[in-house]
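Only one chain is given next, in structure tokens, and it is the form predicted alone.
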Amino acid sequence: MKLNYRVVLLIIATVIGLVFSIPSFTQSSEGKKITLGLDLQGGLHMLLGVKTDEAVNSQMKSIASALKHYGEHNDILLDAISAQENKVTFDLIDADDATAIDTYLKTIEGTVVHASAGKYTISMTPEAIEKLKVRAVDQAIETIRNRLDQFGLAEPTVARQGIDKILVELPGIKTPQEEQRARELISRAAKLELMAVDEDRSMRVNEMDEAEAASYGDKILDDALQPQLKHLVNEIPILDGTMLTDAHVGYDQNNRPVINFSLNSAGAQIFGDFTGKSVGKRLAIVLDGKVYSAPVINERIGGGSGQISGNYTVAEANDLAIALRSGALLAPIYMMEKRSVGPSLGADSIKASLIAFATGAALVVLFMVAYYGYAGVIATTAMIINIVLIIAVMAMFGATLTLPGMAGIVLTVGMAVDGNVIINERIRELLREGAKVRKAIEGGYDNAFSTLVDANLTTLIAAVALYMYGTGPIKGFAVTLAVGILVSMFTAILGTHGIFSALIEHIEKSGKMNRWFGIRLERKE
């Protein structure tokens, strides 16, 4: 046997493939392994709806908050600022400020402004509302994905379904506690607001109803730690979580977990301005509509940082910090469908797939050896190396193996020998035409090359399209198919060619084409 560069490359690839595929085969704790998808290891399947109409309300509150800060910063007197029923209304006290306020309102894109006798109404255009609803779903997908990534879940699936629905699949969620924690992390709005307490009327908060509070431009919120305690705060927040740049877990003087947050420069400016002129008053830190603390402002607070305290465990504080860092949801989400996939179902799927794989592989091996002789053995060797390399490549890149992905591997078993069938047939044709063995082998590979490249290239294009436009298991199938195509081309075109080249002298000496290629040549008289 004479070594050549093709055989050397095949040996190197095989060794690398074994090294990287063994952890997946043995399921050892060390080394990179293939991640099993939801359908193979079990987990949580959820279909979430997005209340896109709420995004419009949230946007109008943001506009009102920015308008209020603009008026205070430029000494423009604005009264009765309110954000209700998808519009912002306010009164301009001094008509001399009309030019300045009109100029500012023109900078707010996607809005329509009506002004009459100092009374202003701001609403969004229908086009802007539609864009905002689409953005709310896109933002929810991105936010959920970021939260799950920071949560540490491997290969979660987060994808749009229809117009305003989101599919979430979480492989590896096995216990009710893990499921509950993941659900809370995903569905939490994480809407942080800093709101001024209405000091003039707060003593009467327990006697007020929502309508009376709204007549003063206020709203009543529950205390997060003492539900019986009510807070009366201004309806328009001082600022919200869109200006938050960081949130992390810390500990207070009693060693209890708290969440420290930081604001961007614009938020820090607003925060500093408000605290500077509100010394002696209270500032409510509101998260998802509940007041977590309402400390008295003792002095101007610069630097744009704050703290959220509560009776958190370390895990709860960490999840809240993740939710805050990932950003608040523009619109609330709600559960439309929830389904737990048990690991036993995945184990059954794996068992059935392995049976199909073993059966298919055995039949292919029997056919190849019976029909092509030693050439069939070489093709079978290439097929085994092909499977090892597929597992290794997927493990190296941390790909997820789903049930369709296993079908893709089983399919690859056939594709792996398909190239060798074409090559062997070309060699047999040349041998029947009287070519020498060496010339027949080289001619067989040359003639089959363009056919193999064309066939595999078109399949590869289809796999790329599946990956680009598919979701979840479809992507898993596309990945295994694409990796299988590339690896099978390597083993069929380069690997088996190298083996034949290494054995060519032995084949020529034996002269037994029936054993080597499964063909009987008639002797010429």
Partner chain sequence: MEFFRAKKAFNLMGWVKPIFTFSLLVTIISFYLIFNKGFIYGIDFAGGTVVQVKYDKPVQIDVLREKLKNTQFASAGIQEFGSPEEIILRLQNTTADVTKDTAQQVTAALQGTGNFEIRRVDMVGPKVGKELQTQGILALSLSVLGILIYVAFRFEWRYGIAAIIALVHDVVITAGMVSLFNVEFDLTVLAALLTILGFSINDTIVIFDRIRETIRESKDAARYSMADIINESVTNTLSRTILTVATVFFVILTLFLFGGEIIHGFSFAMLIGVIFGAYSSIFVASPFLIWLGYDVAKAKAGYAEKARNRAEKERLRAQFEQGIV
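On a predicted model such as this, the values are computed, not experimentally measured, just so you know. Numbering follows the first chain given and starts at 1. Throughout, rigid core stands for the largest set of C-alpha atoms superposing within 1.5 Å between the two forms.
Although not depicted, the form predicted together with its partner chain is the subject of the following passage.
The single contact residue among D288, D273, D223, E179, judged by any heavy atom lying within 4.5 Å of its partner chain in the predicted complex, is E179. Out of the listed residues V421, A159, V249, V205, V421 is the one that sits within 4.5 Å of its partner chain in the predicted complex by at least one heavy atom. When contacts are judged by a 4.5 Å heavy atom cut-off, A455 counts as touching its partner chain in the predicted complex.
Remark: F477 counts among the residues lining its partner chain in the predicted complex, judged by a heavy atom distance of 4.5 Å or less. Put simply, Y374 is far from its partner chain in the predicted complex: not one heavy atom of it is within 4.5 Å. The shortest heavy atom separation between K191 and its partner chain in the predicted complex exceeds 4.5 Å. For the candidate spot formed by K165, A370 and R432, every residue has a non-hydrogen atom within 4.5 angstroms of its partner chain in the predicted complex. Just one listed stretch, out of 255-263, 230-238, 353-361, 95-103, contacts its partner chain in the predicted complex at the 4.5 Å heavy atom level, and that stretch is 353-361. Looking at 393-411, the residues that come within 4.5 Å of its partner chain in the predicted complex, counting any heavy atom, are L403, A407, V410, L411. With a cut-off of 2 Å and the rigid core superposed, T451 has a Cα displacement that reaches or exceeds the cut-off between the shown form and the other one.
For D246, a C-alpha deviation below 2 angstroms is recorded between the shown form and the other one after rigid-core alignment.
The Cα position of G162 differs by less than 2 Å between the shown form and the other one after fitting on the rigid core.
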